[in-house]
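Quick heads-up: it's one chain on its own, the form predicted alone, in structure tokens.
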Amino acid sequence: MSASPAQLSLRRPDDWHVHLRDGALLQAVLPSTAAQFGRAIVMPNLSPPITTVAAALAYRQRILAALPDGSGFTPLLTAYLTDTIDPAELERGFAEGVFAACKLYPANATTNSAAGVSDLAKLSAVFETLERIGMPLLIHGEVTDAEIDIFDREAVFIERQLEPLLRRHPGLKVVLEHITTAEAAAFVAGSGANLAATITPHHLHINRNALFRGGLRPDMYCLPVAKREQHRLALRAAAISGNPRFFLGTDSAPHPRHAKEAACGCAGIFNAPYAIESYALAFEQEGALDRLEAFASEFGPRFYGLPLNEERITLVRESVSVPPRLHLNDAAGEAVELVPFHAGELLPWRLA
């Protein structure tokens, strides 16, 4: 990476965890991700979820059809694990290049996860298959037990579920998604080369106070929820550490404003429009801009065994005012109102 006070040149980054949604909303939000990233691991928690090769192929075609003209963006599809999913379907999809990975949602952990996994013991054959073929397992790492405090669910999952899983399947290639705690950062850092983690821009910038600053702030509500300040600082330390097993994954999860500001508001932060600018701000604040390119553009593809992007992007040191609302056209040409992360703030970097 070359750097100067005026600009940053980066190998085009990839997003290793994003929600592009489907239907009309896909058309509205996809251009934000495609403008910044060369590739993205696309989450499968649609309704119905992506559980077969045929469903993944159809979804990929819908994504490609919604891309702006001339876009070189490549979606990487994932399979949604259920208690009864067929390991042979996963193996076929991986061999044919349809599935880049599979995703484990504990049942009812987050948006559209009701069909997720109720008990990891039911997937022994799946884990054996993934371990044998080298297919990455992406994990939403939270327990859903009602008696566990929501702020403790990630740490408890690591202790009760992830650690035993890795002991049983030491060759399993795992990404612990969107980590939010010091415990998760320490566990990944202290584990072997087969375990990695993605870190979102919002978890680098906010702690749980953001949910309540000036009133209830639904646009700061995501799952896993932001934690105490000590955890935010631990995530920053992990992101800038140069450890190749921590890399970029936005977990951009758009919901229209009316779905966020509702009696039972949806979880998710829409950070895609200013994602790389947000990461650049966090790295600059930590005096680590020279480590941004590796985190954003190199560590992820190397973990997944993919080539690095050849294209480059430029960030210019120029203040950008993030609008309080975005009105993005959906597939029907109707404007969808969404609230972007950093709404109403000034960011010091602009994607050229």
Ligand code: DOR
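What you see is a predicted model; the values in this text were computed from it and never measured. Residue indices: 1-based, along the sequence shown.
Omitted from view is the form predicted together with the named molecule, to which the following refers.
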Using a 4.5 angstroms cut-off on non-hydrogen atoms, would T110 count as touching the named molecule in the predicted complex?
yes
At 4.5 Å between heavy atoms, is I179 in contact with the named molecule in the predicted complex?
no
If we define contact as a non-hydrogen atom of the residue within 4.5 angstroms of the partner, is G268 a contact of the named molecule in the predicted complex?
yes
Residue-level contact is defined here as any heavy atom of the residue lying within 4.5 Å of the named molecule in the predicted complex; does D251 satisfy this criterion?
yes
Residue among N309, Q27, N45, Q36 with a heavy atom within 4.5 Å of the named molecule in the predicted complex:
N45
Exactly one residue in L77, A115, A282, L223 has a non-hydrogen atom within 4.5 Å of the named molecule in the predicted complex; which is it?
L223
Which one, 158-166, 91-99, 260-268, 237-245, holds residues whose non-hydrogen atoms are within 4.5 Å of the named molecule in the predicted complex?
260-268
Using the arrangement in the predicted complex, list in sequence order the residues of 11-32 with any heavy atom within 4.5 angstroms of the named molecule.
H19, R21
